[in-house]
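What follows is one chain in structure tokens, specifically the form predicted alone.
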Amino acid sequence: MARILVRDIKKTFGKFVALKSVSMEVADGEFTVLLGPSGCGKTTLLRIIAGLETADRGEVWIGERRIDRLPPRARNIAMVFQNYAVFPHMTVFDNIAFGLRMQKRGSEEEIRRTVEWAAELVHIESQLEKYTGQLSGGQRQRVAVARALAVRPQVLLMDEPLSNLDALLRLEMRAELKTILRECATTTIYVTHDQVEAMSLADRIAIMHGGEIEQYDTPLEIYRNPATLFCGGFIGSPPMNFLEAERVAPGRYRVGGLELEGPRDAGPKLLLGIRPEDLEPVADGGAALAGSVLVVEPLGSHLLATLRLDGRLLRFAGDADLPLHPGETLRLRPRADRLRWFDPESERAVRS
């Protein structure tokens, strides 16, 4: 079993608190992504699991074994870094074989078979005799992944491994990486600030902010039901819209010129969260949110419009063929089943 349990981890650097009592559990074989902006603590948490940093407090377990007191070499963990970290004076074969030889994992013949298996897995079997300096950035990152997989670790840790690649190569590597790790069934923790990477790769995402985990759930659940204002604003491109709402009756709130059904036991003021694609154009005459169109961005599969509504910006994602121009008034109504409500003081979701 390679279940990872992180319990009550705290880490400070001088007066700066990097992690505030972080706890999480990663199931055996699960792909978990730590997602958040720079400085939120995601890389610090990864380095504590790897043994490259020491926590001030807390425990880290892999399966039934507590590992936070063990040196990195005794944790049965492999790590892939952002900057490839391959040896330029070695061939691709020797780079992949490095960990196996250091740990004395079998005879040279057994090592050769393992290296060929790992190289084939990441599609660099034809490059084994080359030096890494002769490879592209994407090929070097594949070498780093193959080297990590060759030692068959219980846990694979990845720190923004695709961030140095161009957009097209990132897309290709993302799809391949998901396939490779599913085949290997390796428990993986992956750090990124890229929400698209997180949504496409993860079984579950831990959204980190200010040294804490704000929400830990499946990508779709986080997208549809963000636990906090930060989660709603961080996930999604463009992010969720937030509109001020005032209670007019128990369970009824006014947003702009629209009355909507909301939580019955909430306060007099809430924030309505609605995704840009969950707004629907309506014809003149019915109650709606009416805003002046500022910018129209045709994006091929859809268009994105930015409106001004009661002094605030509102983003709408609609059909690419919708005839829309700056200066027009657009009337929109949110889908009733996609309304999400937030307390403006606690910034946490309020369930209906």
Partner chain sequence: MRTRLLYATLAVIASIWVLVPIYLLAVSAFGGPETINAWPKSLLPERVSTETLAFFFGVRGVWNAILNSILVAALTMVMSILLGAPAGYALARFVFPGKDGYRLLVLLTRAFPIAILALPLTVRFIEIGIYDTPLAVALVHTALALPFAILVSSSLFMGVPKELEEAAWTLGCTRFQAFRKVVWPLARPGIAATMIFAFVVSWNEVFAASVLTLRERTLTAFLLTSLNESPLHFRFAGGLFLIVPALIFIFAVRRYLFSMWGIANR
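Positions refer to the first chain, counted from 1. Owing to the predicted nature of the structure, the values given are computational and were not obtained by experimental measurement.
In what follows, reference is made to the form predicted together with the partner chain, a form of this protein that is not presented.
Among 168 to 176, 200 to 208, 75 to 83, 218 to 226, which stretch has residues with heavy atoms no more than 4.5 Å from the partner chain in the model of the complex?
Heavy atoms within 4.5 Å of the partner chain in the model of the complex occur in 75 to 83.
If the cut-off is 4.5 angstroms on heavy atoms, which of these, 87, 93, 242, 117, is the one near the partner chain in the model of the complex?
By the 4.5 Å heavy-atom cutoff, the listed residue in contact is 87.
Since exactly one of 107, 136, 103, 126 fits, which has a heavy atom within 4.5 Å of the partner chain in the model of the complex?
If I apply the 4.5 Å criterion carefully, the residue I get is 103.
Does the partner chain get within 4.5 angstroms of any non-hydrogen atom of residue 99 in the model of the complex?
Residue-level check for residue 99: yes, a contact with the partner chain.
Does the partner chain get within 4.5 angstroms of any non-hydrogen atom of residue 142 in the model of the complex?
Residue-level check for residue 142: no, no contact with the partner chain.
Whether residue 52 contacts the partner chain in the model of the complex should be assessed with a 4.5 Å heavy atom distance threshold; does it?
Residue-level check for residue 52: yes, a contact with the partner chain.
Evaluate residue 47 for contact with the partner chain in the model of the complex, applying a 4.5 angstroms cut-off between non-hydrogen atoms, and reply yes or no.
Heavy-atom contact with the partner chain at 4.5 Å: present for residue 47.
Select from 130 to 154 the residues with a non-hydrogen atom within 4.5 Å of the partner chain in the model of the complex and write them out in sequence order.
Residues within 4.5 Å: 147, 151.
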